[in-house]
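Just one chain follows, in the form predicted alone, and it is written as structure tokens.
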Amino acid sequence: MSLHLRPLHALFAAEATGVDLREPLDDAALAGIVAALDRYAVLVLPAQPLTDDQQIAFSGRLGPLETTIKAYRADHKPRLDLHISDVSNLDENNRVLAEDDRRRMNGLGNRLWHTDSSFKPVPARYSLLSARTIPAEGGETEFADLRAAWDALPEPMQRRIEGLVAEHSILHSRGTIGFTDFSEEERARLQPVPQTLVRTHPGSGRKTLYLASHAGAIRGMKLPEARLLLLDLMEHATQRQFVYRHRWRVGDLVIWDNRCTMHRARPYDLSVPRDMHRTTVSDERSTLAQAGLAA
């Protein structure tokens, strides 16, 4: 198998063909995919009709897999394997979620710009999202290139923010849309965690912003000032020239590097099924440890 890449955006994102992820990949093919991710940060692999087991097997070649935080709730009713995040509007019986279902309300938070698992002490490296059922229109996913956003910042701003540590919490991001229905166990396990605001992406050697709607404070900075700075950086990083919008097709598998991108889901008719299965590869060490900083 030979990997063929076709750029989808002037700055990042590419379509990758020539591989069948249902079949075992040799080390050279896997290294080619990782190298493409280091260059493009977002890879779209069309016509990959994976089963969950196949998706888990391939994802595990990229690193240790996370389990879904939905299992933090005692009343969680899993529809999928716990190594798969259920990014759908379906219940455990494959029926469209009712309008007042808390899972539907919580899922609306995916329309905020974010990077996966930045609210965990060890955040995500890669995410792999497989399209099983998609609506006739809407439901696209947008990605923002945070390396290019860093490059475009004025030097005084780069100097100001390098070395800063933000605090990330999914309770904060969900709270911005008015969703607060978390159990006591969830609240205890989802306390704010520190993440560096600027990272060096190891695969490319480029500096990158590390932003998400989960970021609600900056250590050593008054809260109003911190939140305004984060809003300014978010506005800068999501300008149209830094954004690729993906229109899904059944069988698409999109892989992205959470260390140097943000993403968000776009609206669709929630009365029709949208079934998306995501595996998430852990980054194995905290951003502070990677930067040589104390927690």
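Keep in mind the model is a prediction, meaning the values are calculated, not measured. The first residue of the shown sequence is 1; numbering continues from there.
What comes next is about the form predicted in complex with a small molecule, which does not appear here.
Contact annotation for the candidate site: R125, R147 and C260 all lie away from the small molecule in the predicted bound form (no heavy atom within 4.5 Å).
Remark: of stretches 153 to 161, 176 to 184, 134 to 142, 196 to 204, the one touching the small molecule in the predicted bound form is 134 to 142 (heavy atom within 4.5 Å). Among heavy atoms of A265, some come within 4.5 Å of the small molecule in the predicted bound form. The shortest heavy atom separation between W256 and the small molecule in the predicted bound form is within 4.5 Å. Proximity of N106 to the small molecule in the predicted bound form: non-hydrogen atoms within 4.5 Å are absent; the residue sits far from the partner. Although the partner is absent here, H114 sits close enough that one of its heavy atoms falls within 4.5 Å of the small molecule in the predicted bound form.
Residue-level contacts in the predicted bound form: of V165, L129, I84, I170, one residue has a heavy atom within 4.5 Å of the small molecule, and it is L129.
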